[in-house]
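To begin, one chain is listed below as structure tokens, in the form predicted on its own.
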Amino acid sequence: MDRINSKNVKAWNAEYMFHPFASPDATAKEKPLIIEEGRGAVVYDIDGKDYIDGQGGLWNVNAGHGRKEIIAAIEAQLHKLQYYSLFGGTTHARAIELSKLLVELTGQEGMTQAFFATGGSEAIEGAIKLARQYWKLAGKPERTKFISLQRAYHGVAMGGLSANGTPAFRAMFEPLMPGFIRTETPYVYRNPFTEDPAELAQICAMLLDRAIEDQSPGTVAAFIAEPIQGAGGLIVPPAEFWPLVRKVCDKHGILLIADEVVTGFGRTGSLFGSRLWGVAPDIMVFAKGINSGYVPLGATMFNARIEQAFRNNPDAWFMHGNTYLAHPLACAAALANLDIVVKEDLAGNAASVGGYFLERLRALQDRQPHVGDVRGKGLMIGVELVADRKSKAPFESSDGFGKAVANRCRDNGVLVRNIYDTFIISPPLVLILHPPPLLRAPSPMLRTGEG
């Protein structure tokens, strides 16, 4: 590892680089960790120290760092064709092959078409535009509104930001787009209604139904939600919630959009978060795990209901897209990545390893007075810290308790991400369980991820 210029790079970081979701003063004061290399589920900083990547990059390195199969696919594509546009009647083979594969993988959900983007925020914008154009083509142009959940996160572009359910993400950019309404999220650990998950699912579905009625159903285009909320604090809904949501959407004829940017491609222990709940959305939005972050890529997929409206219609031109959507290198990486996801059953592995972690963390919860709740599915796990477990009283934001825990983990060679006082465990899905000699309980081991 070449660390000759590490001193300069550290100095340049705060001087020249403006960081996301951060204050420049904070960046200068508390210097970010500079990651230099990665292998499997392990990354190395610029000084050579190794860390377990407990946050999987940013929820997205599902197949692990340094996978030779993905690197080889990118290199082969780079030698053949480094870029071509999908505009003006041209395309390229990798985009077509990936479209076919994605439709096959989502056959259970009934997706029939894929439209590409360069990431999750942009793919969400595509979903919003598709939904609005669908209703215009269907002869109901007044259906323009979107309903989302409190604490939702749908990216940082203006459409997705307008649907976001966390005020801190929206405040500095308001006023946002009109026609976006939020309703109660099924947050089992913290809600004003009940401690019974099934009852909470009924209540939240009823509140969604009332929100649609309040707006007038004929003006609502879609309901959009994450199958499991990520950046809102890792909120796992009751099992009954998504099937009830599908019934409410069907009752009013509105579209159901599943934001699968985080939950797609195995992270929840199911290939897709929607499938975890046995629900088929009308639109599914992918990014992150689609190619494990090797080259930026996103996709918006939709079913035959929407596709049909775009067929044989003179107004069906979809006036959306950008230069780098379906980049050949990104598509080549995705094809190799999804081959790994399926062949190595990374969804099944996430369910197994995630179940182990949940069991151990819940045992820790019994011993630690500041662990209020442990929740998750697969390798999408949240641990909510509280000042008082009995009352569920949170720490004051000025205490910075969650950040202190994350920093302590970092000092000990484990990277986890804290969202307020919930710290998130979302490592690459290549972590495996290996029973060591003379021990009954398995322990996590780090698959190299080098093929």
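Note that residue numbering begins at 1 and tracks the sequence as displayed. Given the structure is predicted, the values throughout are model-derived calculations rather than measurements.
The form predicted in complex with a small molecule is left out here; the points below concern that form.
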Name the residue from P186, P281, G120, G273 that puts a heavy atom within 4.5 Å of the small molecule in the predicted bound form. G120
Residue within 4.5 Å of the small molecule in the predicted bound form by heavy atom, from W242, Y134, Y153, F146, is Y153
Which is the contacting stretch out of 365-373, 154-162, 303-311, 71-79, given heavy atoms within 4.5 Å of the small molecule in the predicted bound form? 154-162
Do R267 and the small molecule share at least one heavy atom pair within 4.5 Å in the predicted bound form? no
Contact between E125 and the small molecule in the predicted bound form at 4.5 Å, heavy atoms? no
With heavy atoms only and a cut-off of 4.5 Å, decide whether W59 touches the small molecule in the predicted bound form. yes
Even though the small molecule is not shown here, does I290 get within 4.5 Å of it in the predicted bound form, heavy atoms only? no
